[in-house]
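Just the one chain here, laid out as structure tokens, in the form predicted alone.
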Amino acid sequence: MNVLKYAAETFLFVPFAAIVINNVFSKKMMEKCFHLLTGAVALSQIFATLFCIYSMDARGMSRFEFFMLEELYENDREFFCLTPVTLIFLLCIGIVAFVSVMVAKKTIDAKKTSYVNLLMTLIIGMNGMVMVNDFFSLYVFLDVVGLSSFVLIAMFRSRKSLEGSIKYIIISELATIFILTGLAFLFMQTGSLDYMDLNSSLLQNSSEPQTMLLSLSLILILSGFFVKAGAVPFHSWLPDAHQSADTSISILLSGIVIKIAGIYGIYVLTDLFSGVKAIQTALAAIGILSIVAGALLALCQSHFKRMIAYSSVSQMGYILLALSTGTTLGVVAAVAHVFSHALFKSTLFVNAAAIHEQAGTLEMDEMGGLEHRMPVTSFSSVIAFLSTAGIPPLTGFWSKLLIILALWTAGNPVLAGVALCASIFTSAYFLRMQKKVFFGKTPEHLASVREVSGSIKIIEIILTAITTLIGILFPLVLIFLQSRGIL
């Protein structure tokens, strides 16, 4: 048990130690090895998460609650908690952070020590969010995530990055106000924000005025998390932030931040207030709207990163649809799509970094014919596109299949049909991207373009291999989940 506790504590202690190291040693030395420090933190999180998954499964544990510094606590409730769902989110954080570091090694030439401090702070915020046991602590870590993301976007102080960061912080803080106000109303009625004290029976056993106030609090909290997730119609900040930020930052924003800051909060809310039809209906409506609107908006884009950003809006809709079912299968499907989206979306942003490094532009109308000049980038882009569209046997196929099955078994065949047909839009905008960027005749100004080298090329290969391998082996995952009584 002690070993498991020590492994769990690394999720906060290791990135904090990295901040100390980054600021104690000389700036010149840390700028030379910033990628080694941050990469080590990301890898330690991946291995610690895998160890926790193995250890908890070996002991038959579905929850592991613990204190970080036990002597500081006087109550009998543990402050942090690990569950299978939180461990998958922690694994995604480690993977996406590692990808960001690999890309940053190539794309970030200045403010490397600032990048380390901000990335580590962001990781602490995200890890804290998924491990805490009460809503107020979740809100505190959520603010850490929001402020870290804001500074990361604005870090290089270009006109575009400042514009994108201002839009992000205004809309993000508006969402934070919604969440904090909702939590205040919730606390007024229940006297607690601890997860153990909140459930759907509060709505059933309250008087009419109390029920109205509780409903208002849930509406405010849910709306705030919708904004954080970039769901339609709260998505306007997302493409601007992605386009203006360095690609290594865009990987973080799309690959994991919108899932932790938005989707995880929604998951907690639906888990605590399961069976509340109004929440399920809202998730289904926003989910369908996000899927369709995000895909159509992606189809209209000419900038590579803006297209990927709108694609993220669409994919968040699938996760919301899965959570709207209120079933165990729906949660499994949502978490599976969180994981697969982290892989294929990170791959696409790495492709964007490769193209920008070699071609000097991300405007798709200015490209063409890069298939033979950048074969690794082209192939990894195809795999990521096929996974996004839900083509077997890649990871995206299995997660989307589970979402459709969850909707069907929950008695929502119409929503299942819409989710299935919406994949046509996904295929449309990615086929358009492939045609404009990789097929056709190469423009004269791109005649000298060659394949990217170094860390970006390596991470393209790694992500493509993982997406393919996990997709092929995913039936074993389903068998494992079935053997544990989860499916």
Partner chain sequence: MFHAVSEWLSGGVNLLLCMVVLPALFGVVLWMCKKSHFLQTLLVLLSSLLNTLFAFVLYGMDDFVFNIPLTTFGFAYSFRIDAFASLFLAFTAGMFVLISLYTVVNLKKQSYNGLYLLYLYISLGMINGALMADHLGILLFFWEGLLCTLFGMLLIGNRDHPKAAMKALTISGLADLLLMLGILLTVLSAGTGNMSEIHALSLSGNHIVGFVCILLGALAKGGCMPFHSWIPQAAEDAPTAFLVGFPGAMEKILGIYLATRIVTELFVFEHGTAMSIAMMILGTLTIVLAVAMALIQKDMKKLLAYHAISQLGYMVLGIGTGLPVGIMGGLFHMMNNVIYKSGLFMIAGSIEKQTGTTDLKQLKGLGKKMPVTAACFLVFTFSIAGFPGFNGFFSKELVFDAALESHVIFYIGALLGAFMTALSFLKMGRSLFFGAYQVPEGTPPLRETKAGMLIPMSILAVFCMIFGLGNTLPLDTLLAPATGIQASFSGWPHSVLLVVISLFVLLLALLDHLYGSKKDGSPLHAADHIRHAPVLKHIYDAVEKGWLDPYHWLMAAMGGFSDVCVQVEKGIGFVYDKAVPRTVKRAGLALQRLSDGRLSHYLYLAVGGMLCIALLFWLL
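Numbering follows the first chain given and starts at 1. Please read these numbers as outputs of a predicted model, since none were measured by experiment.
Unshown form predicted together with its partner chain; subsequent notes refer to it.
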Answer yes if any heavy atom of Ile479 is within 4.5 Å of a heavy atom of its partner chain in the predicted complex; otherwise answer no.
-> yes
Hey, in the predicted complex, is Leu431 touching its partner chain, heavy atoms inside 4.5 Å?
-> yes
Looking in the predicted complex, any heavy atom of Arg373 within 4.5 Å of its partner chain?
-> no
Going by a heavy atom distance of 4.5 Å, is Ser236 a contact of its partner chain in the predicted complex?
-> yes
Are all three residues Val24, Leu91 and Ala261 in contact with its partner chain in the predicted complex, where contact means a non-hydrogen atom within 4.5 Å?
-> no
In contact with its partner chain in the predicted complex (heavy atoms, 4.5 Å), from 317-325, 250-258, 402-410, 350-358, is stretch 402-410
With its partner chain left out of view, choose which of Thr83, Asn199, Thr107, Ser215 has a non-hydrogen atom within 4.5 angstroms of it in the predicted complex.
-> Ser215
Can you pick the one in Ile279, Ile95, Ala336, Leu87 that has a heavy atom within 4.5 Å of its partner chain in the predicted complex?
-> Ile279
Checked 427-446 against its partner chain in the predicted complex; residues with a heavy atom within 4.5 Å, sequence order, are Leu431, Lys435, Phe439, Gly440
